[in-house]
Every structure is written in C-alpha cells, then in structure tokens.
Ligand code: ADP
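Quick setup: one chain, the form predicted alone, written in structure tokens, and binding and motion questions come after.
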C-alpha cells in the first residue's frame, strides 16, 4: 500500500511531542530538538538533522524508540531515514510550528550571532516570543517579571529566576527575554547548564580559561537554563560564581531557570544560593482549564487548523500538568486527521489520545473520593471539611477540596457548595480562586495538590 502525507512536519511534531516524554531533557535538546520532518512516502519517513553527527547518533542509538513513536502516530509500519538538511549556523527550529518549514510565511526572528569561542551557544527558539505566550493566572506573575526585565535589563530584577515543573513555559519566557534583548541591540549568551559545564571543563583542560571568562562576561545578558544541574559540580559552581559576580557587579542582566525553588537547591554552595535568592524568584504553576483551552486555541490558529471548541475542551480536561504534552496531543489529533482524511472531531480526538489519562469525571471517580483524599492528606476529618471550623488547616483543606472538585470533576459551584455542607456558590468561588492564586506563589501548596492527584490516579 502506498502512503503519502502532505504534512510530514505535522507528523514529526506529533512524534516529538511524545518523544519529549520518553527521553531526558538534555538528550532531547541535544539530539531531537533541531530535527524536522522532511518527507513521508511509501512507508518511508525522512527526518532532517542539523548535521551528520546528529543524524548518525539518531540512527545508531535512538532508531528503535523513534520508530515505535512514529508508528504510534501514523498507525502503520514505517522505515526511517535520517539526512542532513541544514547548513552550519541555520536554525531548523521552525519544525515546532507543525507546518512545512519551506512554506512558512513569517519573517525569521534574528538569531544570536555566532562568535569565535570555545563553544557555540544553542540558538534561541524563534517560536518562543512574548506574543506567543498565553497568559493565565498560573503564569501571569512570571510573564510580568519577564516582560519587565526585557524592557529594562539589569535595572529591576537581577537575577530573575523562573522555576516550575517541566513543560510549563519557563524556557519560553527565557527565550522571549532573549529575543527582546536582541531587538534592543544587546549582546547575549544563552546556554544550558550542561553546555556551560562542558565549556568550563574544556577551558580548564585546554588552558583557555581566559577565553571562557571573556566569552561569558562580555555579554549584556546571560540566560542559563536548568541551573539545578550545577548541583554536585563543585568545580563548575566555582566558575559560575565568579561569572555571576562579574556580570552582576556591572549591572548585566542574569536570567536563570530551575525545576525547583532556590530554597530547594540545597546542595549548591551557600554563596551561590544566597545570590540567587537575592533577586526575584518566580514560580509557574500548571495552567487552569481556561488557560489550557486558550493555549490550544492559539496553537490551532498557529497551525491554521479549524478545531471545534468541544475538541479543545476535551484535550484541556484530559491534560493538565504539561503544556508540551497538551500541544503534542493537539499535533497528534491534527496529524491523524490528515492521515485518515477525517475531520477533527470528538471521536477522532478520543482515538488519538486514548493513551492519555482521563479526567476524574470521565474516570467516574466518586466526588466523595476527592473529599476523602483531601481529608487523609491534610489529616482533617470529612466532617470538619464539610463543617464550619475556620482554623487555618481546616480552611485550607476545605478550599483545596472545592478547587479539586471544580478542576477534576468539573462540578458547578452550587453543586460543590451543597456537597460541602450547604456552602453558597460565592463561598465556593472565593475558595477556588484563593487556591488558584496561591498556587502562583506557594510551592508547598503545589506539592499538596500533586500528592492528592497522585492518590486519585488509582481510580
């Protein structure tokens, strides 16, 4: 059977969305991030790699995983061929649009110019700009801080530390700051902590530490991703400390991302931890259902796809922890529609994301189970949660229960109020909003919710 696909870029986007969940972030950034879908014909899928080394590594070490992932997307057996499709210096990151890179109508966003040095920085992703960042309650503080820093680098919040779980937008905001800095004529360095470490070790080994210092300390702006990977690297921490000081003392802006708050980076040297805490540290929480729908709608518009609101609602209700997974699921739905010639519908969406965990409502979790899970987690009786006690612990357990009943079971405010001892809908609304707002700034509350949701996953 001859198979032809008009949009190999969309198919590969869907595959990348799944591969992100199965490989470590450093491996994804190094080997998969800058690849594109080139062609899909007669059962052969061609993957474009930025250079021969990447193509060889994908062929030798990741072929089986990539093959299984692609076959799950196209629903048929597929042979994969890797080829070099870009020249040195070009950024193939346009694959993230879901469209054919050759057919894009948008003007390219300027990239960081290559500079002679002991290592070349990773390019900024052209899709990660402020205009494409969907703002909601979960990320509005981080967005506001990033916007402020990009307008007045080195003057307001220095350093700016953005932290969150994977896939919630901290790297997007970091790159957006970088793009804005470039538009202002500033020089910058963007690097992952892994690249920074490798460069520092290489500089020591080859006796080029002067070049390293000049490289990192001459920029107007330093963007360093995943600072938690400094933990356990004492030699690299020394290099980072002196680089940080040199930049900070001359009012150069420093922006860092982490997967945990600064207070949890306990194995970093105290002097580094203290300097990071001296800036602005901002948390990004998982988006609420309204923001998830807005993200999906923006993604559909970007892909120039007409996706029914009911489909967006279904995806938003099923996926609530990871924006990458959210967008990857939409890519998968669109790719399946392309491959089968079927319209994007609820039925096709259910088929495409059948492996995604369902919401509490769809899994038929009794609402009482949510109340009991909160009760057990906080050590507060169900009767107290439904009662009138207003001590701090009971009030928090009650409001978390309200929030989870709305988010997980999609119950109306009045229904939740009746379940919890006859509370009126304004009380429930206030409780839900209070938890949603606190999630932006309270890491402990965020951990409470993750643990309760994990307890409910057994249903």
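A quick note: this is a predicted structure, and the numbers were derived from the prediction, not measured. Residue numbers count along the first chain shown, from 1.
What follows is about the form predicted in complex with this ligand, which we do not show.
K.L.:
Which of 382, 148, 166, 184 has a heavy atom within 4.5 Å of this ligand in the predicted bound form?
P.N.:
Spelling it out, the residue with a heavy atom inside the cut-off is 166.
K.L.:
Could you tell me which one of 229, 133, 244, 157 places a heavy atom within 4.5 Å of this ligand in the predicted bound form?
P.N.:
So the residue touching this ligand in the predicted bound form, by this definition, is 133.
K.L.:
So if I measure heavy atom distances to this ligand in the predicted bound form, which of the stretches 214-222, 275-283, 235-243, 291-299 falls within 4.5 Å?
P.N.:
Of the stretches listed, the one contacting the partner is 291-299.
K.L.:
Establish, in the predicted bound form, whether 45, 69 and 338 all lie within 4.5 Å of this ligand, using non-hydrogen atoms for the distance.
P.N.:
Contact check failed for every one of 45, 69 and 338.
K.L.:
Using 4.5 Å between non-hydrogen atoms, is residue 329 touching this ligand in the predicted bound form?
P.N.:
No, residue 329 stays farther than 4.5 Å from this ligand in the predicted bound form.
K.L.:
Can you check whether residue 128 is within 4.5 Å of this ligand in the predicted bound form, heavy atom basis?
P.N.:
Yes, residue 128 sits close enough to this ligand in the predicted bound form that at least one of its heavy atoms falls within 4.5 Å.
K.L.:
Is it the case that residue 199, even though its partner is missing from this view, gets within 4.5 Å of this ligand in the predicted bound form, heavy atoms only?
P.N.:
Residue 199: no, not in contact with this ligand in the predicted bound form.
K.L.:
Given that this ligand is not shown alongside this chain, does residue 171 nevertheless sit within 4.5 Å of it in the predicted bound form, heavy atom to heavy atom?
P.N.:
Within the cut-off, so yes.
K.L.:
Specify closer or farther for residue 33 and residue 255: how their Cα atoms are spaced in the predicted bound form versus the shown form, given a shift of 3 angstroms or more.
P.N.:
The answer is farther, because the C-alphas of residue 33 and residue 255 separate from each other in the predicted bound form by 3 Å or more.
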